[in-house]
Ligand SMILES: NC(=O)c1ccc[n+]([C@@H]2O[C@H](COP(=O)([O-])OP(=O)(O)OC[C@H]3O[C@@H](n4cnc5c(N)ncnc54)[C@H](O)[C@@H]3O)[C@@H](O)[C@H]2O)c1
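Read the single chain below, which is given as structure tokens and is the form predicted on its own.
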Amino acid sequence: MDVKTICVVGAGLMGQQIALLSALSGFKTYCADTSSEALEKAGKFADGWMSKQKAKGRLTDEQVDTAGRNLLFADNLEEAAKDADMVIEAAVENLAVKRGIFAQLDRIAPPHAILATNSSYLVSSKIADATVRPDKVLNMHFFNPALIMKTVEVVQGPHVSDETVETVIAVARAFGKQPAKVNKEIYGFLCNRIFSALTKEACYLLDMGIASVEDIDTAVKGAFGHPMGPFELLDMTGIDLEYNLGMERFRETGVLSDRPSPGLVERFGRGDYGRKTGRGFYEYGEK
């Protein structure tokens, strides 16, 4: 594995965590975003998270100091990606936006650099042809919260070389993760397909008045041993994300059953996105 410098594109909820994880794992890491506000929040998040972990005895002073030196923030993508051995894109879940970013990265990043997307659903073959290095473009999907969740899905599309997959799996292991290799591209990969089937049925049961949010979550946790119920998880990952993914899928297939559920649409329309807004399927108080 010859990856020493990593660029993370996007300083939002996932990007800031992936960047901090990379820095803690010993990689020189750039976190890039066009928003200075997002970069400032990401910096404060990193400092706060590491301080808490140090106070709990989970990180040493040396680990915190090293990660602090490794982690750099940039509002200029060229500065962040020009020396990268690997780029992990964690921008909005929109195909046109991602293709634009990858076209930029292809011009900026060194020819040997791997370009990975953290997309939850969009397969890399829809992005790879925006570059001249399709064999080095693939999905590396982290789960929220990326600092905690162990699984990382590594998806090998028909255009991706074995060497690229092996390198990304090695990076995931260096991050302390457990990589799950997906041998063929499929919408939603492994975990989100299973999660979507569960949440779709949970939303149907709620919309039909079969049971309450609380009782459905209680049943799933108690019967299946899940640490969180489907509605608790939707509130954590973001109702806006689930809505946008559902609409993107519906626009692609035209299948009515792919549309987000009425209860999900209602909350999205009110701006009740879950924990990030203080209200979703549950109430969380002020943002």
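These numbers were taken from a predicted model, which means no experiment stands behind them. A residue's number is simply how far along the shown sequence it sits, counting from 1.
We do not show the form predicted together with the ligand, though everything after this point is about it.
Of the candidate stretches 158-166, 85-93, 212-220, 172-180, only 85-93 has residues with heavy atoms within 4.5 Å of the ligand in the predicted complex. A single residue from the set 253, 34, 51, 60 has any heavy atom within 4.5 angstroms of the ligand in the predicted complex; that residue is 34.
With the partner omitted here, the residue from 233, 64, 245, 38 that has a non-hydrogen atom within 4.5 angstroms of the ligand in the predicted complex is 38. Although the partner is absent here, residue 101 sits close enough that one of its heavy atoms falls within 4.5 Å of the ligand in the predicted complex. Mapping the unseen interface onto this chain, residue 141 counts among the residues with a heavy atom inside 4.5 Å of the ligand in the predicted complex. Although the partner is absent here, residue 124 sits far enough away that none of its heavy atoms falls within 4.5 Å of the ligand in the predicted complex. Contact annotation for residue 12: at least one heavy atom lies within 4.5 Å of the ligand in the predicted complex.
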